[in-house]
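In the form predicted alone, a lone chain appears below as structure tokens.
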């Protein structure tokens, strides 16, 4: 790097320790960045679509994750390159906003970068490429709006929602029972949805998993599932019309906050102290009984004496229930969380039609079901599976399906999947390219070519001839002017995605195009990379 001199001829330093820094400038920097982004996209390319492969990732402490979800793969991958990290952020933002399409958005960005590299080699300025991409993405998003269909559904007619969730689940490992899982996801969302405000609070849906059983045993519980059992083995295992006291105070004598010690020098004093403690416990249990509680759920533990007393007084109790679960129980049963025994009143109790304890298999695992609640707006999806990895992956798949159902309630427009929407956009963008004089035209055409990469990857992963299949579908779309023709991944014998019931949400697809374009613009604008060298 050349030294700079001031007006008196004295050299001065522009960068500190510049000899220990590596620097890439101009086209080299752009090419290095593009190849880093493309490398990340290539990893995900093979896990796109119903025939996509899964990835197995091992964390530093030996935990193994097997997944098909783009966001999870990139989160776990521990990418070191800065541009690679941008791709990770890209799929994360798609996951947060839409919840689905995390693989497709990275594949799309990778394709845009590959096309941009060719344009840069021809000597087109990166800003012009970025502007062309911006124009093309606007055309594509508008075109998606035109080819989208409204899906009418009601609280009783939920078939359209189920079909769309099945499309999401078909690319996951759980696709053999995607019908039942899609129905569970839709029913869960409909149970907590506010259809007037078109809003869904996904926090009210708890997803709980337990190893054992088979995937088909997965169920939806209109209530709360707590991974705890009754504190005393002889307490009743089933309580009907339960009135629940939800406490965040421990069942033990109060402890002063200051440091203290009690001098006991006679047996009588010790007896008095013991009786005093017993009286505390007695009062606590009595207060719970007086307000009419038939079940106590406590955030803290209680010692054996309290446990014995509760058993003695026929007051079943559950201890060590986490804060989040307590909140969900309070929402579901319509109770209030009570911080002090003195504040217990009958109207603060939660009501549930049935509280039962259920054992699983031959193990001593027991769980508590709280069902038929006063307010059924909190539900639990309970997943069973052969091993821990299967359950984790099913949880991620269910999360995607829940997000898709939520997006459809917010905005009930859909486009056709299987690459049909991308091919249709590609044709529209290609046709619009001729209207733009100047260099942007090349970039708009490149965008159209990049859009073809998603159907191409779908065909590749399904074992079809990629170029042949793509061109056949494309010519069919142009000939019939039918934006529903896509890649026939499942060998159903038809390319019409309406017949195959392959749908995707419109906002999900639009978000994919917008996010991918933004990230690519950002990468193209970097022309100087200064990084400390490795010692």
Partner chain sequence: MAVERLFKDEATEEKGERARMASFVGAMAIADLVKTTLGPKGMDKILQSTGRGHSVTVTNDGATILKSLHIDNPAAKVLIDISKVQDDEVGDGTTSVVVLAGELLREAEKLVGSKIHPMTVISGYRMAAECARSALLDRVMDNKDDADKFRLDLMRIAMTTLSSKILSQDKEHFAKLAVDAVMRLKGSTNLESIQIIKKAGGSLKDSFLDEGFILDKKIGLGQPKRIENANILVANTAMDTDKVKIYGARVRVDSMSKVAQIEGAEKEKMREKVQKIIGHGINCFVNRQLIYNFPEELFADAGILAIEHADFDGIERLALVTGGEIASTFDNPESVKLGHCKLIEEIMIGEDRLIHFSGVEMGQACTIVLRGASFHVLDEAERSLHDALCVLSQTVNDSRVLLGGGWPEMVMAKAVDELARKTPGKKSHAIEAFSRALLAIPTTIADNAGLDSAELIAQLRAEHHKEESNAGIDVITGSVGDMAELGISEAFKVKQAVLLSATEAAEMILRVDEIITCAPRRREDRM
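Residue numbers count along the first chain shown, from 1. Keep in mind that this is a model prediction, so the values were computed, not measured. Heads up, when I say rigid core I mean the largest set of C-alphas that superpose within 1.5 Å between the two forms.
Just so it is clear, the following notes concern the form predicted in complex with its partner chain, a form of the same protein that is not shown.
- Taking non-hydrogen atoms only, residue 461 approaches its partner chain to within 4.5 angstroms in the model of the complex.
- Of the heavy atoms in residue 312, some are within 4.5 Å of its partner chain in the model of the complex.
- Looking at residue 156, you'd find every heavy atom of it more than 4.5 angstroms from its partner chain in the model of the complex.
- At the 4.5 Å threshold, heavy atoms of residue 384 reach its partner chain in the model of the complex.
- Among 305, 240, 283, 97, the residue placing a heavy atom within 4.5 Å of its partner chain in the model of the complex is 305.
- Proximity to its partner chain in the model of the complex, taken as a non-hydrogen atom within 4.5 angstroms, holds for one residue of 173, 135, 191, 428, which is 173.
- Exactly one of the stretches 403-411, 89-97, 173-181, 450-458 approaches its partner chain in the model of the complex with heavy atoms within 4.5 Å, and it is 173-181.
- If you take 497-521 and check each residue for a heavy atom within 4.5 Å of its partner chain in the model of the complex, you get nothing at all.
- Once the rigid core is overlaid between this form and the one not shown, residue 264 counts among the residues whose Cα shifts by 2 Å or more.
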